Ligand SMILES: N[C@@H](CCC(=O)N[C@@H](CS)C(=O)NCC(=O)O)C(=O)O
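Okay, here we've got a single chain as structure tokens, the form predicted on its own, with questions on binding and movement later.
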Amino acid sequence: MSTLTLYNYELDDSSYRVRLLLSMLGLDYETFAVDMVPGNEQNSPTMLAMNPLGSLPILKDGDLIFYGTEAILAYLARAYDASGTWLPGDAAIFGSVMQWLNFSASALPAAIEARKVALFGLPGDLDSLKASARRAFRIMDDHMTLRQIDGMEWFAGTGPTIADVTVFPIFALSRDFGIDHDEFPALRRWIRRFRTIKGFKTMPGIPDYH
């Protein structure tokens, strides 16, 4: 089997998303530490040769190189989960999973940037980013409220999928930029359940509600 290598910054929520799935899949992998803050090493010539967008994480699997968190999650689920648990083949569930992967890539970047501004002092309009993040989290909370009314505990399907993995850290770490999780009770309940998944690993800033 090829050696998996994750190019990673420990406090980056996108890198954490991939570490979560690797752990939940029980996969062995190596990490290559990238000095994102303050070094901006993801934009070095060596890193740009692997990912011209200058973002993290990057995954190498043998001769294959993947960038874009959602693409990496989908690849790992398809390549290393023979059971189809994390990326189900059922058309309706697959479509729902892909919908939330798209949501994380299109609606949640503001939340990711807000955390970078608040936590790392990077430039950006924190108030505007925070407002955009809150709107996205409201969509998520409304979705999970309806799911929970129907007796469903996960974003797509009857069990956890990469739909849950891709949105979990972005919301869970949002207290770093001043989001009050009490505003989103359905997401709080979902976080508690997410933490019980076999292979779950935490990182600084992830809440542990009691």
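Treat the numbers as computed from the prediction; the structure is a model and nothing was measured. When you see a residue number, it is the position in the sequence shown, counting from 1.
The next section is about a form of this same protein that is not shown, the form predicted together with the ligand.
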Contact check for Q148, P185 and R189 against the ligand in the predicted bound form, heavy atom at 4.5 Å: no
Any non-hydrogen atom of G157 within 4.5 angstroms of the ligand in the predicted bound form: no
Close approach of S55 to the ligand in the predicted bound form, 4.5 Å, heavy atom: yes
is_contact(D61, the ligand) in the predicted bound form, heavy atom dist at most 4.5 Å: no
is_contact(T46, the ligand) in the predicted bound form, heavy atom dist at most 4.5 Å: no
Contact segment among 149 to 157, 24 to 32, 177 to 185, 66 to 74, judged by heavy atoms lying within 4.5 Å of the ligand in the predicted bound form: 66 to 74
Selected contact from L126, I93, L119, I112, since only one has a non-hydrogen atom within 4.5 angstroms of the ligand in the predicted bound form: I112
In the predicted bound form, residues of 7 to 34 near the ligand [heavy atom within 4.5 Å]: D12, D13, S14, R17
